[in-house]
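Two forms, one protein chain; structure tokens for each follow separately as structure 1 and structure 2.
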Structure 1
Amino acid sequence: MKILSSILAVCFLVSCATHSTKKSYNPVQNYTTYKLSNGLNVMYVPETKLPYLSLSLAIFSGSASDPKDYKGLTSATMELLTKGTQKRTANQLNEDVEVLGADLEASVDKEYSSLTLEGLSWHEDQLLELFSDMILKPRFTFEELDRYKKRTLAQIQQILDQPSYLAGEVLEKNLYSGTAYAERDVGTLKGVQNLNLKVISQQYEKLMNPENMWLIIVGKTSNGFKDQIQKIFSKIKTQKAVAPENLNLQSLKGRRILIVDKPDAAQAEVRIGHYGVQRDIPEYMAVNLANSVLGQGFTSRLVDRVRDQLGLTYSISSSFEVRRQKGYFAIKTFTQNERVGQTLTEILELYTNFQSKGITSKELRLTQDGMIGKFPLLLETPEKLAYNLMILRYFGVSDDYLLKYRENVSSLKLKDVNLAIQKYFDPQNMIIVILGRRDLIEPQVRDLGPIEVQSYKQYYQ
């Protein structure tokens, strides 16, 4: 779904209006939320300037809730919602979407799923009928499931051939080993092959829990639209929600180096990761600012040192993957196989210095200005406002995060930011993944920590 995928892209807000807080600024306005009689949450953000209408159903269950033998079940279920209803074949559904000039998208992540239909508000009735037909009266057929399985199995093979993707997957698999969070959202080869219509139908019933969903409406609507929403979507009956497993992760101890041997690799992909932060920690804003200094943008320390000064890579960044359950922090880059040792040494030295000494008052001031200065751009349209409001509800955070954003960023003290760095950034306990040529890489990194070697083929599952 465009709304939740976009919100997660900005959930660790690294940008945001001017440093002055003298003028009143309220970015959270002109929207309503309400509940239907069955408990389904609805958010409406009006758009008065453009003839635009977006309908999105956000479900707070995702691939992490897939059963052990059916990895990829949630992704398949959501995608098949777009492949036919009780009165429309897949072709008829596609034709109806195209005739309206609309966009249809299904999306699944670890902890959420979504379905979005966007079009012109002139076609309000047709869009609503089409959207509700997919959600309330889907038809899962053997033919469409078979097509989905063939297409997805080919897709899995294709993405595994992308070194950048594979390196990131290896890091997640090792951070979350033994849990559902270690599996890719689209599923495993075996899990997708195991899918059948019975488990698809069962998963659909579990996902359609109004108490675990939000209906997000953005755009122009008629006066009777709210009544139509109540009439149509109150028909969804409360089910037992699909819940992901509770993570019980062991703390990382020391630096673990994992070389994933790919003899034909033209260059090496490098990922450095450890467990991250919870979204509701008091220091969230300080950690966010600190990460901007470390690895976000062309003025960050990692880019300045590793890319600009030493020319070891074209791209390097750091980020936090924030989830309802424990997310993770990662540094991502690539370099020549022959220069992995130098690149890692520089990154680890810089990261260690960053954690022990913190940032400077100049870095604090410049980053505050940048975060505040870009903030209104994230809320300048009704759709962007909806994105941010939904991410707050997704993580159970008050709207005050947006209302008081400028003053909270401005009030951050250097001491508080550096204390947060010492607490949440951990250069001593991490997993280092290097995907490339073992024969060239291993001699370069022997002094950096214990080494484990694996073949890239073991991840082709």
Structure 2
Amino acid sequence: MKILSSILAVCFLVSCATHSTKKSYNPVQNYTTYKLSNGLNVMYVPETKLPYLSLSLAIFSGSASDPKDYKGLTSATMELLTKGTQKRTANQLNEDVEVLGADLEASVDKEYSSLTLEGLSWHEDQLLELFSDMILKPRFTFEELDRYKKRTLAQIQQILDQPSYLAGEVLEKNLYSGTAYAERDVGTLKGVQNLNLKVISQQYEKLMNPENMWLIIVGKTSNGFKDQIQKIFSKIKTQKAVAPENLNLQSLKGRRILIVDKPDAAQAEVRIGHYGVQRDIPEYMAVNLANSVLGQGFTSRLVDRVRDQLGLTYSISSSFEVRRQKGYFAIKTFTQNERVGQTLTEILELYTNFQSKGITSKELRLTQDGMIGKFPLLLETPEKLAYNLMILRYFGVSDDYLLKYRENVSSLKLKDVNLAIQKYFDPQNMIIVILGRRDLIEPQVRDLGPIEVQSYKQYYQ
């Protein structure tokens, strides 16, 4: 279970996830949570049919905690947990995991990291032994760190070959410039080059804080498994958690257009973004509903206009990336280099109209019904339930969010949704990133705001 490997994108899932149209159906019940003697939180969601077992350590700290000179430190530390233990070399570890048919993954986000091992439940003992060996007895060696650094530096260069990914990275880097959210999770060239065994070991010690972690178990387990968990994981020592650095973001002023020139681009990637919301705002559900009308799914206003009516793109969507500190809102699409001007004009006009006039009562009802109807699908499996419950814990939100979801969605009023739209959607102050051919794009967007031109190679850093 790759819990939260995409936590940001998932806040919508939570937002859509609570109600069955069958009133008696309540999937938010078949799970348990408890604390070990050292304070480590444990969540267990059982599976009765299929023979699998997923073990995941969720750490509420991520790349935003990387020191200035070591951007990429958390990613490296988590990845190196999978590259050898005190009794296994990297190759032995890989062999022992993969001979079980199991999947192993380390992932890092801005304020979240995880290590997940998932395999077949009849390998329960082996899975638990391997998982605990990686977490409790890692071995960080010069050889593996050197190998990781060389490979990661090459992969950073190869990001330039992924226009869709790169466009998103450019938007985030410019929105969060100078803050702990600015850099990619895997780090910068300089940050990765600077990594050494001492800082890796120190970061490991910092991350392993029971007060700041959850152990998530999903699947079939045997009797006695709970005792094993207590015996093994209560060994992690408690320590004082370090508060993340405050972002101190400056407000955006006006529309800033960044053309990222890629002369051979067969298509232009477009991102339109501004700061978003925090999870604890009272209008959170209203904002999500409003965004669904704007840019989620085939019936959204953006898809209807830009794709269905005009045929300008294959895909267009809007989303809120919600983080513990301020996340961001983004509209994402791609189109021909020759049609960027038309596409942007249409989007901005639509977005401005959306923000000033709000949604209609018909759209409100349709979206409310849809959100309620989706509930059983979004909590269909034990993994999906665990995933949603963990997101709530990550943001410090009560399970009532899920338990009372239907009545809360149903009770949303048009006036309140439209007030939230006016407050949190901002078509006047934004960063527009266009990754494509400058020679074709620049003449088309001159009237839309001040333009700054950069080379895509500038982001190889």
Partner chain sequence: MKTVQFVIAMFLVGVCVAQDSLSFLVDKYKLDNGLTVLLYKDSSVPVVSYHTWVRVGSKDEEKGYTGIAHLFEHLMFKGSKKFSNKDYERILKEIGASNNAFTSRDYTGYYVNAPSEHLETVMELESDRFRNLILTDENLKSEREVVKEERRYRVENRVEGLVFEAINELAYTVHSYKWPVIGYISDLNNINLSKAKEFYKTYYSPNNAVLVIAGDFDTEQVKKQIKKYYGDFKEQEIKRPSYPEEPIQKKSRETVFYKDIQSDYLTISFVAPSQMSPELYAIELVGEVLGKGESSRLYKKLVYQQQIATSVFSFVMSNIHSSMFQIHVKLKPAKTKADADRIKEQALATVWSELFQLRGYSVSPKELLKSQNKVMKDHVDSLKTIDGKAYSLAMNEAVLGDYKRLFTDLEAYRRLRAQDLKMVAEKYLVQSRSNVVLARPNKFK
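All figures in this text were calculated on a predicted structure; none of them were measured in a lab. Residue numbering: sequential along structure 1, first residue numbered 1. Basically, rigid core = biggest C-alpha set you can superpose within 1.5 Å across the two forms.
The chain appears twice here, and it is structure 1 that represents the form predicted on its own. Shown in the overlay between the two structures, fitted on the rigid core, is a CA shift at residue 62 smaller than 2 Å. Core-based alignment between the two structures gives a C-alpha movement of 2.7 Å at residue 440.
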